[in-house]
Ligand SMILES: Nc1ncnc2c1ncn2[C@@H]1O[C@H](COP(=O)(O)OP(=O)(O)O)[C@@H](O)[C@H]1O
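In the form predicted alone, a lone chain appears below as structure tokens.
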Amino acid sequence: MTTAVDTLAGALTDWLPRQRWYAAKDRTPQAVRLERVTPLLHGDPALLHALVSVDGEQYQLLLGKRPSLPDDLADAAILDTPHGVVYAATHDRELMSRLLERLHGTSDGPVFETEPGARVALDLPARVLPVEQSNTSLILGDRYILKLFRRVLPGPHPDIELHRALHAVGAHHVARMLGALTTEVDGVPAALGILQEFLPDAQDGWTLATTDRAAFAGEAAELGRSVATVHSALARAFQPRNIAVDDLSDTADRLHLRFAALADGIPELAPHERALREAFDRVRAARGPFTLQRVHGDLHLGQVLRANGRWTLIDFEGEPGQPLAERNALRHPLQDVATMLRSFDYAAHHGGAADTAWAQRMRDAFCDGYAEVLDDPRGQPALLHALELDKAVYEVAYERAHRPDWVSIPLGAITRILGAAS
């Protein structure tokens, strides 16, 4: 006999691949199972928190239920039943404005706790941020931003761990963390969300760089100084876990493994494989000591905000598709530099023909600013090239899955960087 749970799981099989934050949009889910459903609000409308297993991966859903949906929620519908419509509740301002209050101080299921010393209003008006990526963010009263992690991964979450550590050492250039939403999965703590101060007048770096390239030229150096300052704070915050190594053979090995995993089944990368692997191997010849530390892990122009006269780095969770152990691993700080340089290349392609001269000026300005605080990234060209190539290979795989028309951007970068590195 088909149960209501089975019916909802069947509806999610069709609904999940259409969500921007769903990781495996290129394939139809084979096994969708509701693992845990926690009623948060009863009545009309009702609110449920659900943990859903999809082909072995766990996702967090907030589900609403109403007898019928108003027009502004029509696109959020998941399943129409004789007892009401089940829908994505993150679009429901009424329900989301009550979310923190409902979860604060609970003992079972999802729990919201404030950071020590933080005073948080729990009943502010809520609206979902229209730009969804791997997570969903809610703006609460234009005072806070609540980021809901969609994939649920048991273990220390870098976005929470790094923000706490950075504030403990008095770091600037990061938004203040005010609380965390957590649960347990098989007895292991798992992060569900992070509450931070909201910067209402902020503009992200991508918007600034693509709307007024000339004006952004003056911002790139300051951005470089800000990133280096955060790297310095991360080194202080995690000093006991920082390690010094004399060579980067482990880094080269990791780059080879990532290439093997990412390039499998991507014919566009095959002509470049030999040159890419040679570039990764050149990292082995670099001599240190090098310090490996916690880094941002997925830094690009969309992860930096310009507000109140300075740059603020956000979203310290690393590449969402990677396992937590990989995202929490120690890295060379130039990994963040390399990914930001790749972001300048993407911005240079925005709106038509690539402005490669602008991209080069931004690269130089960013590195100049970085070098005012820490070592000049251009002092390690083999490592910087290898890390940029690693990011470009990741981008090829990502664009093939999500934006096939954009694959030429990272492929062009691979050709260009390999030419400069040879």
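Start at 1 with the first residue shown and count on from there. These numbers come from a predicted model, not from an experiment.
The same protein has a further form, the form predicted in complex with the named molecule, not shown here; the description that follows concerns it.
**Q** Counting only non-hydrogen atoms and a 4.5 angstroms cut-off, does residue 315 reach the named molecule in the model of the complex?
**A** Heavy-atom contact with the named molecule at 4.5 Å: present for residue 315.
**Q** Test of understanding: in the model of the complex, would residue 122 fall inside 4.5 Å of the named molecule by heavy atoms?
**A** Contact with the named molecule, no.
**Q** Using 4.5 Å between non-hydrogen atoms, is residue 133 touching the named molecule in the model of the complex?
**A** Contact with the named molecule, yes.
**Q** Would residue 198 show up as a contact with the named molecule in the model of the complex if we use heavy atoms at 4.5 Å?
**A** Looking in the model of the complex, residue contacts with the named molecule include residue 198, since a heavy atom lies within 4.5 Å.
**Q** Within 4.5 Å of the named molecule in the model of the complex - does that hold for a heavy atom of every one of 77, 89 and 128?
**A** Result no, not one residue of the spot touches the named molecule.
**Q** Tell me, which of 73, 175, 255, 152 has a heavy atom within 4.5 angstroms of the named molecule in the model of the complex?
**A** Only one listed residue qualifies here, and that residue is 175.
**Q** Report the residue, out of 303, 229, 335, 183, that has at least one non-hydrogen atom within 4.5 angstroms of the named molecule in the model of the complex.
**A** Among 303, 229, 335, 183, a heavy atom within 4.5 Å of the named molecule in the model of the complex occurs only for 303.
**Q** Looking at heavy atoms inside 4.5 Å, which stretch does the named molecule contact in the model of the complex, given the options 185-193, 111-119, 135-143, 81-89?
**A** Looking at the other structure, the answer is 135-143.
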